[in-house]
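Before any questions on how it binds or moves, here is one chain, the form predicted alone, in structure tokens.
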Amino acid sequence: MSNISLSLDEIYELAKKTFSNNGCDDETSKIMADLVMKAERDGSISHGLFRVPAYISGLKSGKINGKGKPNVKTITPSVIKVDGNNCLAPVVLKKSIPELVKLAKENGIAVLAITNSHHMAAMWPETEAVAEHGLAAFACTSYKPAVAPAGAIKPLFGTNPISFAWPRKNKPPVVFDMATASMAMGEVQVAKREGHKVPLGTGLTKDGKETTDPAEIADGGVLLPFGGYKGSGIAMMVELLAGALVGDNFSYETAEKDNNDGGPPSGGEFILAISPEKLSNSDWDTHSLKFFEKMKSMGDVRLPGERRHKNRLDKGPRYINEDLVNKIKSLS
């Protein structure tokens, strides 16, 4: 499978043109293009251009409102509620993260509860954006069923990613972003496209058999939670936080309402921001830096997000699957 070279500017312009020509206004097109470009820049390829055709499917079907704007309401001094009005989640986040940061800095802690938006991106952009303002952040969202609870062979949970970010003064935040599935479905789909095997324990075939073939998982099979019952418990937590707690759907309810156009379904997201300045009785930054140094001294240990931040320093071209680029060009 051949790749072609695209500069970061070319990736941005290709994505922007594609979104603009498929029902997005200029603001939404710019936000989405920036998100796609940054995912490619940082090496998060399963959330970069790879996602564009699915976004376009949702826009073409009318499920996603490419010109929609979220309704952001401050409910209490520490609670923000957002109705996404069926627009794309990055647009919701662009409008609501500054309000979350403001309340968390003022009150020590704040919660952002998002409903009725379409999330298909990585989650590190929102937690990292919060942490860049000196706040710790946690976020999670559900999806349509793709993951079997521990002990089952049929899906109930979404891939249900979680992300956590810890701020560092004068350094990039420490950020992890992970599916509670053994592997994100986007990574399984990339492995299928490129002909790679996946580790045993990633998922099951449609008959409930273990497999290393990503196609057998992606096409009618099911993902497994990471860590068995432990990952299953965390996936359940995400269902509750991003569903019942914020007033949106569980994954199985999302599936019942979705039009199955291939685009991201409507759903909820939970984001928590906490101020170390308000809570800590010590120099929290120096204290946590000593902890990270201790981690790094124990062997070949890489802090979460380090690879992404290293990739970010490379301003050169990225090498993108040629068939994918041609498909996106045909959509634009």
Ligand code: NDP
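Everything numeric here is computed off the predicted structure, so don't read it as measured data. Quick note: we count residues from 1 along the sequence shown, nothing fancier.
Absent from the display: the form predicted together with this ligand. The rest refers to it.
- Only one of 135, 217, 121, 147 comes within 4.5 Å of this ligand in the predicted complex through a heavy atom, and that residue is 121.
- Of the listed positions (117, 251, 141, 127), a single one reaches within 4.5 angstroms of this ligand by any non-hydrogen atom in the predicted complex, namely 141.
- Proximity to this ligand in the predicted complex holds for all of 159, 176 and 307, with the criterion being a heavy atom within 4.5 Å.
- Partner contacts here mean any heavy atom within 4.5 Å of this ligand in the predicted complex, and among 297 to 305, 24 to 32, 275 to 283, 62 to 70 they occur only in 297 to 305.
- Not displayed here, this ligand is approached by residue 47 to within 4.5 Å at the level of heavy atoms in the predicted complex.
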